[in-house]
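Just one chain is shown here, as structure tokens, and it is the form predicted on its own.
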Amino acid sequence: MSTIEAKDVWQIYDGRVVLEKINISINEGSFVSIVGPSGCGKTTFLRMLMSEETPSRGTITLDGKPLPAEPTSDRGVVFQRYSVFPHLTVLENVMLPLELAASPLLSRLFGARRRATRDAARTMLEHVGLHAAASFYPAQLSGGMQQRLALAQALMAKPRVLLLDEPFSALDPGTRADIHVLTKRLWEETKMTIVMVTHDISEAFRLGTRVIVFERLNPDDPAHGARMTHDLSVRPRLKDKKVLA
């Protein structure tokens, strides 16, 4: 059974069609890259997968069941701009998802549960190469380190689906290459499903096992939105190299 299935999905804002007739079936464990020109609804579709928006028409299901009306921990997200909390240390940022899940009101654990959460967070930081920066604050980190932190935070809740919204576009080419390798390794190790929106065609093919193209065939007609025009199965062309800390 497919992890995610969109059937005849439309999104319409104030009479303007943004997406129309989107039909996509995404198998569990896939790495799907979505590309297309600006304004073609890529991020809108990602927001629907996160339950931050509801389709105007059609349905989106997860394992055959409608998506929950609100974002849930089984779907993690990493944005273009770093989504970490500036007043928390690196370690505290990574601990936060587990603390929120276990104690929604206080957002804090105590005693043995807090020690276990701290140990799990330290393990995750080692996983993404940030163990030496555990006591730093996000402002003290480079762009690449902040994006590593955002990935670590998203992965702490062990989501089944990870949604990436232009997550690497603000990075310099060298740092981006390192984060590409890290992301591919984490995907291979966790076996999660990843859906990534990107403007970078080469990035889409380097990382994705599948590349989907959204295009507006009638860009000046508000009655027609973007459609899925290409669906390509690919083999990621990413050389395995050492990821810098």
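Since the structure is predicted, the reported quantities are computational estimates derived from the model, not experimental observations. Note that residue numbering begins at 1 and tracks the sequence as displayed.
Another form, the form predicted in complex with a small molecule, is not on view; read the next lines as being about it.
Taking non-hydrogen atoms only, Gly39 approaches the small molecule to within 4.5 angstroms in the predicted bound form. Interface membership of Asp200, defined by any non-hydrogen atom within 4.5 Å of the small molecule in the predicted bound form, is ruled out. Looking at Glu53, you'd find a heavy atom of it within 4.5 angstroms of the small molecule in the predicted bound form. By the criterion of a heavy atom within 4.5 Å, Ser33 is excluded from the residues contacting the small molecule in the predicted bound form. Residues placing heavy atoms within 4.5 Å of the small molecule in the predicted bound form fall in a single listed stretch, namely 43-51, out of 43-51, 62-70, 202-210, 181-189.
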